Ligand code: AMP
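Coming up is one lone chain in structure tokens, specifically the form predicted on its own.
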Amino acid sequence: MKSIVCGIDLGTTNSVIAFLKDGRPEAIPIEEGVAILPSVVSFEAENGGYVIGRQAKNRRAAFPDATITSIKRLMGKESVIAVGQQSLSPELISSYILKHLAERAAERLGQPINKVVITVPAYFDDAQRRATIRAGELAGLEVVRIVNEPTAAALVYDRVPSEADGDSPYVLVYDLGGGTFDVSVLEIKGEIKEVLASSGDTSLGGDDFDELLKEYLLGELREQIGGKALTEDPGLRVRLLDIAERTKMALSDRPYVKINEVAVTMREGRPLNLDLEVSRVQFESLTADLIDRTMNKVEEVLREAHLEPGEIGKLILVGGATRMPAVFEALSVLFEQPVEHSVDPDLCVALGAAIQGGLITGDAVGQILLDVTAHSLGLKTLDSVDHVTREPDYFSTIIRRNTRIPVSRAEAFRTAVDRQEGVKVEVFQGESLSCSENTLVGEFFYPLKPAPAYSPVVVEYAYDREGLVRICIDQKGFDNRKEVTLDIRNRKIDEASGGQPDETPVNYLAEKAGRLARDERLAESVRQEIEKIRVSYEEVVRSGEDESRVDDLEDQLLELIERAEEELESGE
């Protein structure tokens, strides 16, 4: 059996291992079917052992002094980490993460993993690179090459069909990870990929966005006790950070997030709860300075490369924090080029490292095929009017072209006048800012409850692989929700009557579940489980029973569908 050279993205916050399968890179699931492994090590005093990943992350609140995070920031430095009676080097702790990745990957692939390509930030110096190689050796691995992270990302996008490809050989990679930020400009000439300039900030990443939101939440708790200081509690800090991280991630897809956390801490014998709503606007206001810092680095790297923004042929986003809409908006102001975000930003670097491993072993590397939206999807709003017809004509984008599917996105809009009776929802696809230049794919009327002008209405689009778009409209502050389903391929619209979610979810979810239950590529047990939940779900919705039961079955069905689709995709 030919040996495999796996690619590893050894990240500050998360790590990923990938390999080349039939010429295409794939991330390897490590824990519970998930490829992303938290770069966390927690030591167990009772037996002298340690745990890695999510289990370690879950121990952080209870054992903060025994849990190590963000070790990548110390690589190449003469630092010693004290854990109990032990003194450990950053390289040794990193080796635990690398060894865990390799062992779990070997279990999945059915053969040992001995050779790897490991990625590092472009700005890593020689000591940091040698420390990374040493970590691999301590893990029992042969590090056949160290690859710059932006170069790895470019290797992936070299093999993704894109309309952004043009005459310019210059690529800018914007990498905002959990713990660090770096930006690089590459010149690509065939197989030669040269980093022309690179800059970064080792103390700026998604964690810093979480920290600012955590402080905001801490302020909300202080208000409950009249502005008094809270007792220093490491467990409270870790829990608030976890809440902040989950809220930040949710705000990337929707404009408002409700936080309802019970007993996050105790004060004078009584629990303090968090019950509030955070808006995307609030979050972006809190973190605007961090986005500005990244854009300063972008402008700096362009100057060092002696390039103008218009000379960049392709923009590539890497790192989970680039999912924040504020990142996309900031880059769109400076650059006119399309932003490449079709490959999962959490997996992109590891996939590129796997491609490099394949190139080293002489494997043929084919084109990467992705399920992405072919066109942007949005709706007509009053932001501007057609200068001839004087009618509203602005195309407000909700899901952008080349977004990987399945996907769900939501945006908030405002009513125009007091006691507005309703709104005609017109759904378009296309790339123009004018709806008249895009394609109308469906329309329906949404009745509004009486409310003042500028009241918020949230519109959510959910797009699946079959070309079905589920549209959910919710008037905030009212029990007024409506769902419709559009078949983009066949231009059909299925509208739920009276704004009640009783027909469309059955049509949308149950229809998809029915198809999967008949798909013989899935295991019989899986198909039977899907069919069982599907039947129960349809019966409960039609009978009008307790909504909580409907929601519970819907969640179960969605989870089963997602698992089944992942299984089908991994088997292709």
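Here the structure is a predicted model, which means the values were calculated and not measured. Numbering starts at 1 and follows the sequence shown.
Another form, the form predicted together with the ligand, is not on view; read the next lines as being about it.
Peer 1: Using a 4.5 Å heavy atom cut-off, which residue among Leu141, Val278, Met324, Ile405 comes into contact with the ligand in the predicted complex?
Peer 2: Looking at the other structure, the residue within range turns out to be Met324.
Peer 1: Answer with one of Asp158, Asp464, Asp207, Glu91: the residue that has a non-hydrogen atom within 4.5 Å of the ligand in the predicted complex.
Peer 2: Contact with the ligand in the predicted complex is made by Asp207 alone.
Peer 1: Going by a heavy atom distance of 4.5 Å, is Gly136 a contact of the ligand in the predicted complex?
Peer 2: No, Gly136 sits far enough from the ligand in the predicted complex that none of its heavy atoms falls within 4.5 Å.
Peer 1: Is it the case that Gly320, even though its partner is missing from this view, gets within 4.5 Å of the ligand in the predicted complex, heavy atoms only?
Peer 2: Flag for Gly320 set to yes.
Peer 1: Give a yes/no on whether Asp346 approaches the ligand to within 4.5 Å in the predicted complex, heavy atoms considered.
Peer 2: Yes, Asp346 sits close enough to the ligand in the predicted complex that at least one of its heavy atoms falls within 4.5 Å.
Peer 1: Taking heavy atoms only, is Gln282 within 4.5 angstroms of the ligand in the predicted complex?
Peer 2: No, Gln282 stays farther than 4.5 Å from the ligand in the predicted complex.
Peer 1: Given a 4.5 Å cut-off on heavy atoms, tell me which of 243-251, 102-110, 416-424, 440-448 is the interface stretch with the ligand in the predicted complex.
Peer 2: Selected range: 243-251.
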